[in-house]
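As a starting point, one isolated chain is supplied in C-alpha cells, in the form predicted on its own.
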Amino acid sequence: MVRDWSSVFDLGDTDHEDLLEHFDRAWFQGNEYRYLSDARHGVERGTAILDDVVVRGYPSMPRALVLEPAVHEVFDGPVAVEEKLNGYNVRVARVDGDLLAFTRSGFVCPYTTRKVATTLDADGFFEDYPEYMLCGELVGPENPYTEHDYPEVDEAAFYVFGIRHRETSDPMPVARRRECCVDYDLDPVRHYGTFTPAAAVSTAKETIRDLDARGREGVVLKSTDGRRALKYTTSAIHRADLEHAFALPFDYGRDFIFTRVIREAFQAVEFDDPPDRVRERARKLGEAILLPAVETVRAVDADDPVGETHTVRADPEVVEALLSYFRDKGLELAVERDRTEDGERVVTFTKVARSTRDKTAYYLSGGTIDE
C-alpha cells in the first residue's frame, strides 16, 4: 500500500519527498523503518514510519520561567496539574501485533521495548484502542539513558502522562486518559487536581516547593483537552542538570548552562526569596557547577573514564543489540562490569565523553585557551 504522505502529514504545498529525505533508516528485528530525528515541515521530532504505519513524535512542550503570567497567557479554562518525572520519554504502540517502544528521537529501542513488554500489561488497552499510543516516562534504575533514581521505584517503571492517536497525535482528554489508566491498570503520573488558572498557579507553586525539597523534577500543567501544556521545574533539578553538565563541561553547550541559571533567577524572584534564600541558591548553584568539574579534571588526570555511567539488565541478545546501537551511533563505550545473573546479562558501562576527556587532557598537558 502506497500512502499519500502529503495528506497524512498535512504538508499542504510541500512535496512529501522534501520531508521523507530527512528521515533516517534503521532496523528492528530485521525490519526496516524510518524515523525523524529533528522536526521538519511541522512534523514532530521522533515521528516514525513502519511500512504504512505512522507513529507520531511527542510534541515539544513550552516552559514557563514565571508561572503566573504564563499560565494566564496559555490557558483560558480549567488546568490540570501533574508531576513531571525525571526519566526518558517513551511512546508505546502496537504495530502489526508487536509492542514497540520509541524513544524521543523515534528510535525503536530494543532494551526499552523489552523492559516495557515485561513491566507493562497493555494488551487490553491496545485491543480496545489499537490506533493509539501510550506516552510516558520510563524511570528507575538499570536504564541506558538517565541516571536519576526514585526511592519508590525498585526497577524500571513506565508512568503514563499522555494517550494520543498514533498517526494524528490528537490527545485523549485528561479525564478520559486517567480513566483509561484505571480501567487498564496502567500507572499514571501523579495528578494534583484540576483548577481554575489562578488556583492552578497557587497549587503548582506549593507543589514545586514540596517536590524541590524531595529532589524531584517539577510539574506539567495541561488544558483538560490535552492540547496545551506548560512545564515548570524545581531548583533541585536545575542544580542536578548543572552538576551533570559540569561533570562533562566540554560536551554541553553554553546555552544548556545559561538556561538553567536563568531559570533559577526567575524562580527566585517569583517565589519572592529573601536575601538569605537567594544567597543559599547561589551557594548551591556554585557547588553544582564547580564540584563536578573538579572531579572530572581529577578523573582525567588519573586516566579514569569520564562520561555517563549506566547499568542495564536483560536477555543477552537484547543487551548486545543496545550496545551495538550506541556504537553504531559513534559512541565510545567503556565497559566496567559484564556478568550474568539468573540468565540475564548485566552490564555497567560508561558512554565516554570524548570531547571533555580529550580537551581536559590537552589542558592538563599544557594546552592553552585563546580568549
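Just so we're clear, the structure is a prediction, and the values are computed from it rather than from any experiment. Sequential numbering from 1, following the sequence displayed.
Only in words, not in the display: the form predicted together with a further copy of the same chain, which the text now covers.
> Go through 117 to 125, 209 to 217, 273 to 281, 175 to 183 and give me the stretch that gets within 4.5 Å of a further copy of the same chain in the predicted complex, heavy atoms only.
Among the candidates, contact is made by 273 to 281.
> Run the contact test on F158, P316 and V346 with a 4.5 Å heavy atom cut-off to a further copy of the same chain in the predicted complex and return yes or no.
Zero of three within 4.5 Å in the predicted complex.
> At the 4.5 Å heavy atom threshold, is L230 in contact with a further copy of the same chain in the predicted complex?
Yes, L230 sits close enough to a further copy of the same chain in the predicted complex that at least one of its heavy atoms falls within 4.5 Å.
> Is S60 close to a further copy of the same chain in the predicted complex, meaning a heavy atom pair under 4.5 Å apart or at it?
So S60 counts as contacting a further copy of the same chain.
> Consider R263 of the chain shown here, and say whether it contacts a further copy of the same chain in the predicted complex, taking contact as heavy atoms within 4.5 Å.
R263 belongs to the contact set for a further copy of the same chain.
> Going by a heavy atom distance of 4.5 Å, is F246 a contact of a further copy of the same chain in the predicted complex?
Because a heavy atom of F246 falls inside 4.5 Å of a further copy of the same chain in the predicted complex, the answer is yes.
> Here the chain is shown alone; which of Y150, F250, Y129, Y88 has a heavy atom within 4.5 Å of a further copy of the same chain in the predicted complex?
Of the candidates Y150, F250, Y129, Y88, F250 is the one lying within 4.5 Å of a further copy of the same chain in the predicted complex.
> Sort through A240, L99, A199, A293 and report the residue having a heavy atom within 4.5 Å of a further copy of the same chain in the predicted complex.
Filtering the options by heavy-atom distance leaves A293.
> Going by a further copy of the same chain in the predicted complex, which residues of 65 to 86 come within 4.5 Å of it through any heavy atom?
Result: L65, V66, P69, A70, E73, V74.
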